[in-house]
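Quick heads-up: it's one chain on its own, the form predicted alone, in structure tokens.
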């Protein structure tokens, strides 16, 4: 341990990385927070509040609050558009940083999901549209340096399943087949759910669960642990916004993801139809609607139904950088491709980098990783 620096590097600025950084700062430990994108918050900062006539405990507000706390904390030094290039263990933990590639920003003005994002706007190269006040040029972002720290927390997150792999669902071909993440973004942008094709509220909506997870043919045998809860919360949101809307959930089984989930599930069943089967395929029909074919559970015969919008509850996959992070930091990977969180020796793993989990579970794991790291550097109280 390098006792002169008294710092911990947190790699990843999603909810787990934010939580770990905040908990370390509360222990008066300096933090170097490294995020490869241009904004803090990860996937979860794009989630919307699912409250209806009561709080649905989706955790979205927790992410907003944590982001606000972190950007205002002087002990946390944030490196946006930055990633780890190398680790030298011969001198403690000397981490070399480099600017991350952001080719997708070319010609665009990017906007963070939260008003607490700083900057809120980032301008890519060769932009011709109007530039918002306070926007930062992407060329001015990113750190290229070597930092000495006492410990490292890896909170590099997950990759959403690529729904186009399930070709029979027509994702990427039919405009009104969307993922759960896209549902969140549409909801946030429009203050309500609308169809991408015409901007109108859908009257008939289908949710398909377990897209990409618990799939033997893909070799993805794990449960993503979040799909049941967020799919059902979104279904409840639609019914709350439009009590006349018809919402159906196609599922294998419903996972119990918390002590309050059974009560929530029973309440949702009063307004949402549950169909225990996984649809076979989806076809476009008139008026941008979709025909969904599934096998009726009780009869085993093909059944066809039409919907205005289909939402795919995509699963949690290992982070895109997991293999590289594993090699750089000497952290083994699990059989499913996530990072093994039992490594120790000054390197700790937090959140969904170690496997699927909810926002609450990711925050809890990050809190433990921060405690272990603080204890390692001698700062835990």
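Numbering follows the first chain given and starts at 1. Computed from a prediction, not measured in an experiment: that's the story for all the values here.
The discussion below concerns the form predicted together with a small molecule, not included here.
- For the candidate spot formed by 205, 291 and 336, no residue has a non-hydrogen atom within 4.5 angstroms of the small molecule in the predicted bound form.
- For the candidate set 31, 316, 67, 349, a heavy atom within 4.5 Å of the small molecule in the predicted bound form is found for exactly one residue, namely 316.
- Residues within 4.5 angstroms of the small molecule in the predicted bound form, judged by any non-hydrogen atom, belong to 229 to 237 and to none of the other stretches in 197 to 205, 229 to 237, 282 to 290, 170 to 178.
- Put simply, residue 20 is far from the small molecule in the predicted bound form: not one heavy atom of it is within 4.5 Å.
- The small molecule in the predicted bound form is not approached by residue 153, whose heavy atoms all lie more than 4.5 angstroms from it.
- Mapping the unseen interface onto this chain, residue 326 falls outside it, with no heavy atom inside 4.5 Å of the small molecule in the predicted bound form.
- Mapping the unseen interface onto this chain, residue 82 counts among the residues with a heavy atom inside 4.5 Å of the small molecule in the predicted bound form.
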